[in-house]
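Just one chain follows, in the form predicted alone, and it is written as structure tokens.
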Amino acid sequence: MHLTIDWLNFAPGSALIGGLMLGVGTSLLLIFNGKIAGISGIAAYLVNPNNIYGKEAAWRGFFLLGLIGAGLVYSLFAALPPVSISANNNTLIMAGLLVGFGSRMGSGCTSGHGICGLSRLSLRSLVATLSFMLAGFAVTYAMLHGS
């Protein structure tokens, strides 16, 4: 498995703008809706067939559409960075399922714990964020250097 990033063309300006947009978006959601912008929780709610209608489902659906749409809008103004993933489909599916399982087991994902929880000084989110970051580092190291 190998992920390639074009470091020669890395522009920290777009990363800064993206970070500011995340901060503003998560803050607005908390201030005006009283909700934490944890993507796994937002998506999990919509997967349940009993939750596909109503005001709660609407904001969650629009939130997810905004995440997808942001990349499309960005591509209108700048070229998307080239990304090369050499993992096969089975590996990608397994990775996605494991991330989803871990998010549910940890009561949140990187956005819920890493962005929203840490900004609220949550000890639980600090432990969760350290845990998934360390696990990610360990698995990446094992995958790249194990064989």
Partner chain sequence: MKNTITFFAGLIFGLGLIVSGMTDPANIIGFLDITGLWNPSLAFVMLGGIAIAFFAFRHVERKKLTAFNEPVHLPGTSQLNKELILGSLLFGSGWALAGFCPGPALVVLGTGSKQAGIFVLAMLVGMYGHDIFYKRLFNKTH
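Positions refer to the first chain, counted from 1. Given the structure is predicted, the values throughout are model-derived calculations rather than measurements. The term rigid core refers to the most C-alpha atoms you can superpose between the two forms while keeping them within 1.5 Å.
One more form of this protein should be noted, the form predicted together with the partner chain, which is absent from this view; the next part is about it.
*Asks:* Report yes if any heavy atom of W59 sits within 4.5 Å of a heavy atom of the partner chain in the model of the complex; otherwise report no.
*Replies:* Looking in the model of the complex, residue contacts with the partner chain include W59, since a heavy atom lies within 4.5 Å.
*Asks:* Applying a 4.5 Å heavy atom distance criterion, does I52 contact the partner chain in the model of the complex?
*Replies:* No, no contact at 4.5 Å.
*Asks:* Would you mind checking 11 to 27 for residues with a heavy atom within 4.5 Å of the partner chain in the model of the complex?
*Replies:* Result: A11, P12, S14, A15, L16, I17, G18, G19, L20, M21, L22, G23, V24, G25, T26, S27.
*Asks:* Has the Cα of A15 moved 2 Å or more between this form and the one not shown, judged after a core fit?
*Replies:* Yes; A15 is a residue whose C-alpha shifts (by 2 Å or more) between this form and the one not shown when the cores are overlaid.
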